[in-house]
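Only one chain is shown below, in structure tokens, and it's the form predicted on its own.
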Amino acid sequence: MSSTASRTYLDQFPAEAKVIKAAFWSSFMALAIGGLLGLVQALHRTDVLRFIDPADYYTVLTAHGVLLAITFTIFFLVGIFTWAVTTSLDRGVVDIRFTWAWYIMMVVGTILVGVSILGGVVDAIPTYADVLFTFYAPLQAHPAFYVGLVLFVVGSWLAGADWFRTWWAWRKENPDERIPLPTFMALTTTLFWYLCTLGVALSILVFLLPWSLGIVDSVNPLLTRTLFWYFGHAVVYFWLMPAYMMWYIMLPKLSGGKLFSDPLARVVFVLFLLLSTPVGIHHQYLDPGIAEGYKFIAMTNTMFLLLPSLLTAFTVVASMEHGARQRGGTGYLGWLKALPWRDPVFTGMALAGLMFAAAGFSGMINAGMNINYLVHNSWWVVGHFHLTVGTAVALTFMAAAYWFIPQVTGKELWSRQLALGQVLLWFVGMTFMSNAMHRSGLFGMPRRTAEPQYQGFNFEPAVGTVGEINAQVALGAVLLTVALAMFLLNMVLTSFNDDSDSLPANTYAGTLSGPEDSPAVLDNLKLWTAIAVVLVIVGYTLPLASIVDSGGLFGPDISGFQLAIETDPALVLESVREVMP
């Protein structure tokens, strides 16, 4: 660490702190709106309180997914990574004007996407985007929606370029130094992001946007779906990797110790770079246009992704144990009592990691072909990603904000007690909600619908009742909303707090085993990127070629298909006679 580490981040990098604060508040605004819409969905779907038209449910669902899964997560991520690069390299960005440029581009993209979605419920706005978070064909959005997504993603690309420029400037001055661990994590994540977003960029720019503008008449739905999931599963790790970074470099420090192994952390991030992208087809096990062999390969590749997560669990828990024993903890499990459970930053991150362990078990179910058939497109899947992005990521980010907001504002956190209650309440609320969603998925309760109960059909859960499960979901949603309000209140009041001279220094955890204990090849980003590209080519070339060969680049000719369903029996009989030989 540098000699300036005794000061806050605002003291060290005042210009960058302003950008990071702006990114955090953009993230919080998306979280506030998206979270409130989540409550509307939960109460509507469980039939507890309905005040929106069922058709508008899908507009709300789209906004909820886009604002939370993309806007909230990535705005917070660019703030965290800007902090990580500048802090660990002990130098500011090369050009702060460039930094503001990519942030503004992301904001403009978000506004375009938000207005496009809002047009679904506001007649005065001539746009539409009821395409859900997944936004692949045959659902079509207004061109502004796709343009907004492009601007947002390109802005994130430029953010990555900003971090690389900062690192290159540092390397010229320190040619023989190993890449500091936080910077290494940010750069490998950025390379992975560049690779995985190629699919969604191709889908939007070549197919969906021209289709929305009327330049092309049709698209190949399976092709756009596959290109989305090329990106759509990988983006999960783009959300998770900054959370992983917090677990690696902040949890050991908060525990009172050091990171168990810097080399092992580097291995984990290299494995994510290599393995995260060529697995998206496991979201398409029930798509008939993809051969079973390709699906089996995707399943096998997905199972390999368990390795970096298991390595993370081992390294982080070992680091926490080291810290606890430094604080006087003893015994096989007694050291757990020595951890700083009254610290909301530590507790929030620790509970988020615990929830992610549960998400790993349900994720293995999703990854297995035969078992996936039982829960595909059910509420089980929704329960799974509320454990991942909804808890592992969101709870880690909220807990981290209790440390970072004082660092970038110079103001004391308004209430640590309120913060501790908030992270605990979020954990309890998500326990209720995700448990009920997983259980409902086991008996086939569908997702992505405002009306899950079919007329004349009753779901039969093995344990409990549908009413009890709905009550758990509604209760969980209410508790999560209260927790969200507590978080936002704390953030707002902290902003109005007085400046403080007693804030902790801007530091992160040291290591028991440092980078000098690992081979230098781990820092060869060109090598790992090249291998990742090869794996993507191997994993996707044949499936994409098969899809294009069978369905055409812009879809099959559908002009000969009957697009309307006749309801008059005489007309139906006449139509049948016309097509009979």
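Numbering starts at 1 and follows the sequence shown. Computed from a prediction, not measured in an experiment: that's the story for all the values here.
Although not depicted, the form predicted in complex with a small molecule is the subject of the following passage.
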Only one of 201 to 209, 112 to 120, 399 to 407, 367 to 375 has residues with a heavy atom within 4.5 Å of the small molecule in the model of the complex, and that stretch is 367 to 375
Flag L354 as yes or no: does it have a non-hydrogen atom within 4.5 angstroms of any non-hydrogen atom of the small molecule in the model of the complex?
-> yes
Any non-hydrogen atom of W341 within 4.5 angstroms of the small molecule in the model of the complex | yes
Just to confirm, V317 within 4.5 Å of the small molecule in the model of the complex by heavy atoms?
-> yes
Any non-hydrogen atom of K411 within 4.5 angstroms of the small molecule in the model of the complex = no
Just give me the single entry in T388, T224, T188, S440 that has a non-hydrogen atom within 4.5 angstroms of the small molecule in the model of the complex.
-> T388
Proximity to the small molecule in the model of the complex, single hit among Y244, F260, W426, Y103 (heavy atom within 4.5 Å) = Y244
May I ask whether T302, T312 and R448 all come within 4.5 angstroms of the small molecule in the model of the complex, judged by heavy atoms?
-> yes
